[in-house]
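Below sits a lone chain in structure tokens, taken as the form predicted alone.
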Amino acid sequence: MNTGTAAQRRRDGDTVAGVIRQWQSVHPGLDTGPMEIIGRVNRCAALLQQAEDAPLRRAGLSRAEFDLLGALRRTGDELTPGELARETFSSGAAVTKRVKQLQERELVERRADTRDRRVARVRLTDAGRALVDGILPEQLAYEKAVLAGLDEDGHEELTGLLSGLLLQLEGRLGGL
């Protein structure tokens, strides 16, 4: 006999459910509700990172490098390292390291600002622009395949739920 909803049956079978059952056996009164969400978000993130991004890997790029190149492409501007850090949710040191690596591969150029030589400006080279434009459709197709198990309603529901959570966390934790 099947009991519970289809969503409940799916939750009961994932790896996080096993961890939660273990904690509940050790601490029966413990509220594991937050773990049920955060644990699953973290597990999904870990699996997505393990899978890496095949199209990016074939191009010799990490996700972080692609995000930096993508930020330059989608804004259409030269950006400072600080602006790139904000656009890519990265530290300044990480951006500096990535810019140096991408500059060595001639995918970005770095120059001093004309008004303030202490400020650097980073822009895509023609090769960088061509690489981003060439990989983006393939990367999006790969990401679509990764999410193929979600139907359209599930996709929309998950997008809405994650967006709501992100807005809440950015509002509350963004300043930390």
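When you see a residue number, it is the position in the sequence shown, counting from 1. Keep in mind that what you see is a predicted model, and the values were worked out from it rather than measured.
Although not depicted, the form predicted together with the DNA is the subject of the following passage.
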If we test each of D133, E143, D126, D116 for a heavy atom within 4.5 Å of the DNA in the predicted complex, the one that passes is D116
Assert contact residue (the DNA, in the predicted complex, non-hydrogen atom within 4.5 Å, options L48, A64, A59, M35) equals A64
Exercise. Determine whether any heavy atom of R74 comes within 4.5 Å of a heavy atom of the DNA in the predicted complex, and answer yes or no.
Key: no
| said: Contact with the DNA in the predicted complex for R110, defined as at least one heavy atom pair within 4.5 Å: yes or no? | reply: yes
message = At 4.5 Å by heavy atoms, is each residue in Q139, L147 and T159 next to the DNA in the predicted complex?
response = no
Exactly one listed stretch (147-155, 24-32, 38-46, 118-126) reaches within 4.5 angstroms of the DNA in the predicted complex by non-hydrogen atoms, and it is 118-126
Contacts from 74-101 to the DNA in the predicted complex (any heavy atom within 4.5 Å), listed N to C, are T80, P81, G82, S90, S91, G92, A93, A94, T96, K97, R98, K100, Q101
